[in-house]
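Take a look at this single chain, the form predicted on its own, given in structure tokens.
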């Protein structure tokens, strides 16, 4: 009878240990998935930033002839694009992205002063394309921040935090917009 009871206890302990191991593997895989979702969402942002950067020279060329006196705006866009192309880290790319967004707002606001430019088909197509990319970027930034938020919550929650510490996972920073980029662009007619 003692042998039968010992087997039952050993089986029970084995099943509990197996359950704990399966649960820890489940947590581990979930954290890996979240970490990779952050990388994927940043890569998706990068793809759109690259597309926008590739479109900017076309936009600048179509605008140059009309905006001879608005060199400052064109210089801002060119400088921001160069900064993006030279950016190595995620925060540098985010900063360059914010600069480009601000410069584009200024460009489209200044373009209001040039009726012939506004009527130019190339400019209208490029403006539509850039605006579309800006909307897609906003959606991807939101998805990135959602992924980071979910990840940060998981690595701080019990019992996931123990597995996260073993994996040496650190809190990630969300995509932020600088204060200067939140201001409205002044439109003068």
Partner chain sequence: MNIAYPIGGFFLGVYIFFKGLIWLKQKRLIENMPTSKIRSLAMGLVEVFGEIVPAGKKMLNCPFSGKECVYYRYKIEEYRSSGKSGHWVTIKKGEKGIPFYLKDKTGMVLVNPSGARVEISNPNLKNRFDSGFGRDPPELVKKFLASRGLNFENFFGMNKKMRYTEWFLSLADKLYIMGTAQDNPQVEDATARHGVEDVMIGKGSHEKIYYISDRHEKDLLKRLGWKVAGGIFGGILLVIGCLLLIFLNFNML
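As the structure is a computational prediction, the values presented were derived from the model and not from experiment. Residue numbers count along the first chain shown, from 1. Basically, rigid core = biggest C-alpha set you can superpose within 1.5 Å across the two forms.
The same protein also exists as the form predicted in complex with the partner chain; that form is not shown, yet it is the one meant from here on.
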| item | value |
| --- | --- |
| Interface residue in the predicted bound form among 164, 49, 59, 34, criterion: non-hydrogen atom within 4.5 angstroms of the partner chain | 34 |
| Distance check, residue 126 to the partner chain in the predicted bound form, heavy atom within 4.5 Å | no |
| is_contact(residue 11, the partner chain) in the predicted bound form, heavy atom dist at most 4.5 Å | yes |
| 4.5 angstroms heavy atom contact with the partner chain in the predicted bound form for residue 135 | yes |
| Interface membership of residue 39, the partner chain in the predicted bound form, 4.5 Å heavy atom rule | no |
| Residues of 136-161 having any heavy atom within 4.5 Å of the partner chain in the predicted bound form, listed in sequence order | 136, 139, 140, 142, 143, 146, 147, 150, 154, 160 |
| Threshold 2 Å Cα movement between this form and the one not shown at residue 170, rigid core reference | no |
